[in-house]
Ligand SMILES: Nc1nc2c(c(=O)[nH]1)N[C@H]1C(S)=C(S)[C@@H](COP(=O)(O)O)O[C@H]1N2
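So this first bit is one chain, no partners, the form predicted on its own, shown in structure tokens.
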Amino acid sequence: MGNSARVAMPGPALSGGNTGKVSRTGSAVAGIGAAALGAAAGQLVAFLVNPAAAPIVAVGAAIVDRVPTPLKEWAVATLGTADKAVLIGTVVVGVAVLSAVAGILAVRRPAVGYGLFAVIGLIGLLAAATRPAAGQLDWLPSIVGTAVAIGVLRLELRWIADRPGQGPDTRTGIDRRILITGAAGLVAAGAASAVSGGGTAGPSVSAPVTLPTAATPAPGLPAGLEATVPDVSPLRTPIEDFYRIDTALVLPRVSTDTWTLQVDGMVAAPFTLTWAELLAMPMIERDITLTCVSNPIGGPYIGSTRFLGVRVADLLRRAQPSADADQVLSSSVDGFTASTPLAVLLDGRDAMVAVAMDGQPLTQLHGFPARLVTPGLYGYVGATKWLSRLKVSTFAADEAYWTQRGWSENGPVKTATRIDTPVERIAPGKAMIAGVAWATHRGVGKVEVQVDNGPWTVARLGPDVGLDYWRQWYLPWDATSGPHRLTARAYDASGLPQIEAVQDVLPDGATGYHVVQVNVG
């Protein structure tokens, strides 16, 4: 239509008597501002009730639990540890769009706009209340947030109605109070998220932890190759660089004053330990490499450090497992579960309920106050963080979180290696090809390197820290100008090579040689 067909339409009959046309932009901003203040209120209530019950977080967690496994793996492979932030951001954008629509609808049909906010709140309530570890008050943040959002929107609609009717020209105007409310809502929501979203600190929600002395300490760590081979992974991974892959969108806040570990299920003598009782038990100190099953060939989701904790076997023998049991289902305080073969935990390896890594109490990021550590198994079946329960059971009776989603029940770590250096481009001349190899609980016996299509050459191994720890390795190389293809493969201590055939991480870990393309010149 041409301009001649455009006429001024009467606005909504609101309490202020405004008959001018209401700006859609202004009403959309009103909806977003109301939602932001509602989200801030819900986030602050969740801080008092349970941070995981915050509406945005609860919806994000529900999405994580329900999306297909291949999509999850794509997110980890593509986004790495930023996957959680991207997911939360996506939920926030979705809520903002719906809130803008609610604001626009509410100008002419308030009940419809308020109803859309109520639906958004109901989604948050259901997501929070149906979490595996939902508490009795986890519904409250969504209720409070929805009530605040609707109340603020009602106030903003009064402001819109109070503006003098100005006909079509009001399409370009937004009430300053609405702009201020929207900005305040966004700031408040961000501040509330920062306050209640959890951090990476250590034991910040209870008294400082004094670590006990290990009854069987680990020997001193030998000097690694990092002092002489530039860019190789350090023999011990710093805590701040240790990988983190889990399902928690908000880090659980656990106090040692109230924490307990329940050991039950198919046992003759179930029991529960307090934090003080756990620390009073004999502790072992061991050097262990942990690997995520989502780690692609040459990937970063692996780390090596020294753990301090109580042997799981000591706990299980005290509980006296049934002869019919074949797994231990470990549970996190946030409801996550992992299934570990019972035979593995009793076969003599140093599986433990760990309370410290690298001489420091576990950080909140890595499972404070206690986590499961099982040498030789991928983390999804043997490294539950924020541990609260060990249930002796059977694989037939209980499926864990990831096995319900298509992953293997057992999850032994596969022999693999990674080329750390060189990458992409180097200058011609003397160089080092170096990296790390692992065959956890079997030990690394040899690493070989191939340049282009040449012969396989045995690399020099770094210090041997034990069967449960990775090995650094290096190979001097006279790098000539041009493109080169570097390939590495590892053998375990028995002489078995890693699997050459390329397989993705699903269902039981990636296989294939690590290949790096390097340009020299």
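Residue indices: 1-based, along the sequence shown. Given the structure is predicted, the values throughout are model-derived calculations rather than measurements.
The next section is about a form of this same protein that is not shown, the form predicted together with this ligand.
Residue-level question: is Glu448 within 4.5 Å of this ligand in the predicted complex, judged on heavy atoms?
Heavy-atom contact with this ligand at 4.5 Å: absent for Glu448.
Please run the contact check for Cys292 against this ligand in the predicted complex: heavy atoms, 4.5 angstroms, yes or no?
Although this ligand is absent here, Cys292 would touch it in the predicted complex, with heavy atoms inside 4.5 Å.
Contact between Thr440 and this ligand in the predicted complex at 4.5 Å, heavy atoms?
Heavy-atom contact with this ligand at 4.5 Å: absent for Thr440.
Can any non-hydrogen atom of Trp386 be found within 4.5 angstroms of this ligand in the predicted complex?
Contact with this ligand, yes.
This ligand in the predicted complex: within 4.5 Å of a heavy atom of each of Lys414, Tyr469 and Tyr491?
Answer is no for this spot.
Counting non-hydrogen atoms within 4.5 angstroms of this ligand in the predicted complex, say which of Gln262, Thr394, Thr247, Ser322 makes the cut.
Only one option qualifies, and that one is Thr247.
Between Gly113, Pro369, Gly309, Gly379, only one gets a heavy atom within 4.5 angstroms of this ligand in the predicted complex; which residue is that?
It is Gly379.
Partner absent here, but in the predicted complex, which of 333 to 341, 226 to 234, 119 to 127, 417 to 425 has residues with a heavy atom within 4.5 Å of this ligand?
Only one stretch passes the 4.5 Å heavy-atom test: 333 to 341.
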